[in-house]
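Two separate entries follow, structure 1 and structure 2, each one form of the same protein chain as C-alpha cells.
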Structure 1
Amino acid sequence: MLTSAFGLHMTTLPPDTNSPAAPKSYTPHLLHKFDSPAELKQLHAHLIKTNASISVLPLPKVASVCSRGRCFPYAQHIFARSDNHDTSVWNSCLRALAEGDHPIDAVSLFYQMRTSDVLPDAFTCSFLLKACVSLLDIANGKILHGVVEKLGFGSNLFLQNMILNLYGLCGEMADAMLLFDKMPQRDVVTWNTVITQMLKRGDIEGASRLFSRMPERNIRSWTLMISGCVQCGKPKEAIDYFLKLEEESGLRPNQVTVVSVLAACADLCALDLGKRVHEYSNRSGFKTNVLVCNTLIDMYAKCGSLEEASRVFDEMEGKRTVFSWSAMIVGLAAHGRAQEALSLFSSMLQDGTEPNGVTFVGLLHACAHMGLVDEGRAFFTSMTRDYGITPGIEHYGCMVDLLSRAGLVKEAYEFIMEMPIKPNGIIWGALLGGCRLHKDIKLAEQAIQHLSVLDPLNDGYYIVLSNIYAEAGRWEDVTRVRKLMKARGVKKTSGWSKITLGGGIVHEFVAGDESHPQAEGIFRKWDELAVEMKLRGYVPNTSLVLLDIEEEQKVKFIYRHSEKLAVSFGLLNTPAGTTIRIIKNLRVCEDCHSALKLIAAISGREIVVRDRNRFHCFKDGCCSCGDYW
C-alpha cells in the first residue's frame, strides 16, 4: 500500500506490459489529482516503480503544472518519453503553456513537437501565436507566419488576424499593412486591429482614412476612434465621431465609449453634452461603475460645475477609490477652493484611503494658488515621509510655483538647484512667471538661459521676458528679445478661446477674429457691453499692450481679445440665465478679468473661463479665484 501526497491510497498491482493504459490501481480521478511539480514527481516515480507507461499521465495537466512551477525541462523529459504523439494532445499542452506564466515554454515545446514529426494544425498555430503575442516575439512570429502559409492556412481569417496583431504590437507596421492589403478576406476585427495600432502611434489621420473605408463597424470601432482622438489631443474630433455614432450607426455606446466621450467633453468644457452622456450612462446601468463615476467627477470639475462633481462624488459613498478622492481634490484646487481641497484630504485619510502622487499634485496646486506656503511645504515633506511617494517633476514644479508666486523667488531658485532630478522647462517656466510677478529681472534672465536650451521654440517664455523688460521700461531689451525670437524662428502663439454650444458644436475665436459668420453681431454686442461697462467705471487697461501704437489702437486691440469675442457670441446664442463656459489656451489677461466680472453682473450670467493656469468663475461682479495673481 502506497500513501500519496494527495492523501489517497494506491494499491500496487503487477504491471500490464501489453497495454499502455493505466494499471487498474490508477483511476482517471487520481491521475488528474496532482497540482504541483512535487506531487507530479511522486506520481511519476510510482509509475516507474510499477513499470507502467508514462503515457498514462495527462500531458496537458503536466504542461500546466510545470509551467506554473517553472519546471519546463522536467515536462520536456516526460513529453520525450511519452508515446502519445497525437496532435490534439500536443495542442492541449501548447495551450496550457501559452496561457501560463511562462509562454516561452510553449515556443520550446513547439520545436520539440516539430522534431517529433507531429504535423501542426490551425489550433497549434493559434496557441503559438498567442505565446508570441505575450512575448512580443516577432522573430518566432515571422517563422510561424511562414509555417501558416506553408500549411495552407493563408485563408484562415482567425490566424491572419492574430499575425496582423502581432506585427502591429511589435511595431512592424510596414509588414502589418502588407499583410492587410494581401488578405483575401477581412472582418471587423481585422480593421479594428490595424486602426488600434495606428492610433497607438498617433497616426490619427491614417486611422480616420481606414475607418472611413470600413464596410462594417461595431461599437469597438467607434470607441477606438473616439478614445484615439482624445489621446491624440483632438477632443473636438472625438465629439464629432460620437455624434455620428448616435446619428448614423444605431449602436449603443458601452462603458468604454462613455468614458472616452466624457474625457472629450472635459477637454472642451462641453457640459451640456457631458450631462446628456451622464443621463445615458445612468439609463444604461453604468451608474455604479467606478471608472465612469471617476470620469464624471473629472468632467464636471473641468467644465466648472463643482456642484455636479460633488453630487457624483457623494453618491459614490462606499465605492470611492483614491482616483475618486484625487479627482475631487484636483478639481477644487483648480477652482481656487484650497481650504475645501485640504478639508477633503482630511476626510480622505479618515476614510482610510491612502493618497497617491496625483492627490499631492492637487494639494500642492491648491496651496500654490492661495499662497499657503507652510501648508505646501508640509505636504511636500509628508508625501515621502508618511506615504513613501517619491516626488515627480510635477510635484517639484508645484513647489517652485508656490514659492515663486509667494515672492520667494530666490528660495525657489535654490530649491531648483538642489533638486535630485534635472529640472525641465516647466520648472524654469514657473520660476520665470514668479519673476515677472515680483519684477526680479536678474533671476528671470537666468531662467530664460535654461529655457532657451530646454525649450528653445516655446514663444511663451520669450514673451514673458519681453513683458518684464517692457514693464521696467527697458525697451532696448524688448527689441533684443524680439530679434532673438525672429533669429531662432520662434513664432508667437495666437491666443484662442473656444465655446461649445448644446449640440456639441465647438466655436473657436482668435484675437481680432472677423471670420466668424456672426462677426458683425458679435462686435455689435461687444460695443453695447462696453458702453454699459464704462457707465460702471470700466477703463480699458491699455498698459497691457506692449506695442508702440496710438492709445485708440491699443483700446481696439484690448477689445478684440478672444475671450471677449467668445463671451459676446455666447450671450447672443444661449438662453438668458445660461452659464457661459469658455476654454482658453493662454492666461486670461488682467483687463479681460476685470471686464468679465462686469459682464457677469450686467448680463446676470455666470461666466466660467478655464485658462492655461486655472478656473475663473465670474458671477455677480465677482470672481471665485479672488485677487488676480
Structure 2
Amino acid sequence: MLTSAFGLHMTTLPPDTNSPAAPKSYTPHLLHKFDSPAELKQLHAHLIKTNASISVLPLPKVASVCSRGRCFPYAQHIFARSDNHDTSVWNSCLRALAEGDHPIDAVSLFYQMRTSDVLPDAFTCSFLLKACVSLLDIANGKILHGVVEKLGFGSNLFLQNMILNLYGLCGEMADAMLLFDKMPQRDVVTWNTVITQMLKRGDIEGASRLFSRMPERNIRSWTLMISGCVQCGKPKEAIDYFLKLEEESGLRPNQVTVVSVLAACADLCALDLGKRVHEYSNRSGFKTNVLVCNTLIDMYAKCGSLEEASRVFDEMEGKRTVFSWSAMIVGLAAHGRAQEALSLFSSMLQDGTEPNGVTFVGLLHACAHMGLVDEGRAFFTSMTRDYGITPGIEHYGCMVDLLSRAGLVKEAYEFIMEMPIKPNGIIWGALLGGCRLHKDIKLAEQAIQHLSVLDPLNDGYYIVLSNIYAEAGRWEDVTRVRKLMKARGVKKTSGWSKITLGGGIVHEFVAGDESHPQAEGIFRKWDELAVEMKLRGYVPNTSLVLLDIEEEQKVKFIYRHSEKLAVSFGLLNTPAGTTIRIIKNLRVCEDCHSALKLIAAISGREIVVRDRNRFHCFKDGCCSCGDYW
C-alpha cells in the first residue's frame, strides 16, 4: 500500500536524470526564474539536456509550483529525489495529488507521511479531506476526523466544515448532524453545507427550518434554497425564496441564482418573472454566461414563448453549446414545429456542433408530433451510424410514439419486440396511446398486459383503455376495467392546472375546486363564457366521463375541469390582450381542447397550455397542434 503510493503512476514520470554519472552542472540563474508548470517543464528539459541533477532545485518552490499547477508527475519526481521533507513539501505534493485527479495516491502518501517524523498541519488535513471528498472515502474520512481532533484542530472552522461536507456527501447524515450540533462555532458555510445536504435528500422542510434559524445568510444560502427546491420538484417554493431574497435580504442575485430561479420559472410557466430575471441578468452583465443563456432559452421555450427563446439563441455572445442547440430543438419539437426543429439541426451541424442524445430526442419528438415517419426513421439510424450515439430507452420511446401515432401500430409492436433493452412502461404506454388513436383494441389489450406488470398503479393507462372501450361502445369492458382498477387499488390522479400571475404568485386549481378565494367570480366567469360558447356551436363532450351518472351531472363534471377554472381565473386577473399561460399535469381532454379554442376566440387572448407532453397554443379559435395530439 505504502510503496504503491507513487508506483501507480510511474509511467507518467519524467525521465530519470539522477544517474550516478550525472555531473552537477546546471544553470543557477534558471532556478529562480520559473513560476509556472510550463516553465518548470522547460527547466526540467534543460536539466536533462545538461545532464544535471534535479535534486539541486529549490525544493519548496518546485513543490509549490507543482501544487498550484496540479502538476502531479513533477511533484512526485521531486519528492522522490529529495530527503529534505518538511511539512510544506509534503503538503505541496499532497495537494498536487489531491487536486490533480490522483486522490488515491494522496491518501497513500498521507499514510507514508504518518510513518515519518513530520507532523501534519491544518493544510495537510484539508488536502486529505479534499481527496476523501472526491473518493467519497468515508472510512479514511473518519480516521482523518480523529487526526484532526487529536492535533487540536477541533476549533478550525474550515476543517470542521470540510468534515461536515464529507459526512453529508457520503450519506452519513447522522454523523453530520452530530458534528453540526456540537461544533463550538459555525459560520455561514457551516449552515450552507448542512442545508445543501438536507436538500439533496429531498428534505425541504428540514432545510427551510435550518434556513430560518441561520444567524446570517449570504447569496449562496438563498441560491441553494432556490436550486434545492427546484431539484426537489418544488418550483413554487423556489420562487417564494427568490421573491423573499429580493425583498428582504439586500443581497444581489448572481449568475447561479439567476440560473436556478429561471429553472423554477420554466417549471411553472412564470414568464413574467422569467422576463424580469432576464432583464436583471442583462443589466448585471451575465449575457456572456453560456449557462445563463441556455437556461433562458429553456425557460422561454417551456413558457411557450419560442420567439423570445430564439432571440436569446440568436443574440448569444458566448459560443453556443450542444445544450443551447438542443434546448431550442426540444422546444420547437414540443410546439409541434417540426420543420424548424429539423432545419435548426442542419444549422447546428454546419456550425460544427456535435449533437448528443438529447438533440436526437428533440428531433424524434418533433417527427412524432408531425407524423414524419421517414425522417424519424432516418434520424434513428443516423444517430448511431453517424454520431456513435447508442439509443437509450427514451429514443426507443420516441420511435414507438412516432410509429404508433402515425397508425403503424403493428410495426410499433414489432419494434418493441426487437428492442435490445427491456421496454418500460412509457414504451408500452406510447403504443397504447397509438392504439387509442387508431382504435386497435387487440393490441391495446396486449399493451395493458405489460403495463399492469410494469406500472400497475398508474391510473393513466387503465383510463386510456377504458376510453378505448367507451369509444367502441363496449360498456361492459369499461366497467370491467373500472373494477380492475378498484381491485388493484389504483387511484385516479386528480388533474390540476396552475397559472402564474405577474408577481410570480402561483395559483393552482384541481377539478371541481371551490376552495379558491375567488371561486365565486371564477364560476360566474365560466358561466358567461359557456353561454357565448354555446352560441358559437359548442356542445359539451361528455363521452369520456367514465362515471355512471346522469348527463347533466356529466356536464357539470367537465365544466369544473381544472384548466377551465384556471383560464377563467386568468381572464379575470390578467390585463386584456395578454397571453394566458397554464400548465397541466395530465393531457388536456377533448372537451377542454375545443372549449379553449373558442375561449381564445371570444376573449381575443392567446392561451398557451403546456400539458404533460406538449404545448397547445390557442389563438383565434385554432390550436397550434392542429388537433393532432
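Between two forms, the rigid core is the largest collection of C-alphas that superpose within 1.5 Å. Residue 1 is the first residue of structure 1, and the numbers go on in sequence order from there. In this text, all values refer to a predicted model and were calculated from it rather than measured experimentally.
- Between the two copies of this chain, it is structure 1 that is the form predicted alone.
- Once both forms are fitted on their rigid core, the CA atom of Y280 lies less than 2 Å apart between structure 1 and structure 2.
- A movement of the C-alpha atom of T359 falling short of 2 angstroms is seen between structure 1 and structure 2 when the two forms are aligned on their rigid core.
- Relative to the superposed core, L243 undergoes a Cα shift smaller than 2 Å between structure 1 and structure 2.
- Taking the core as reference, the Cα of S126 moves 2.5 angstrom between structure 1 and structure 2.
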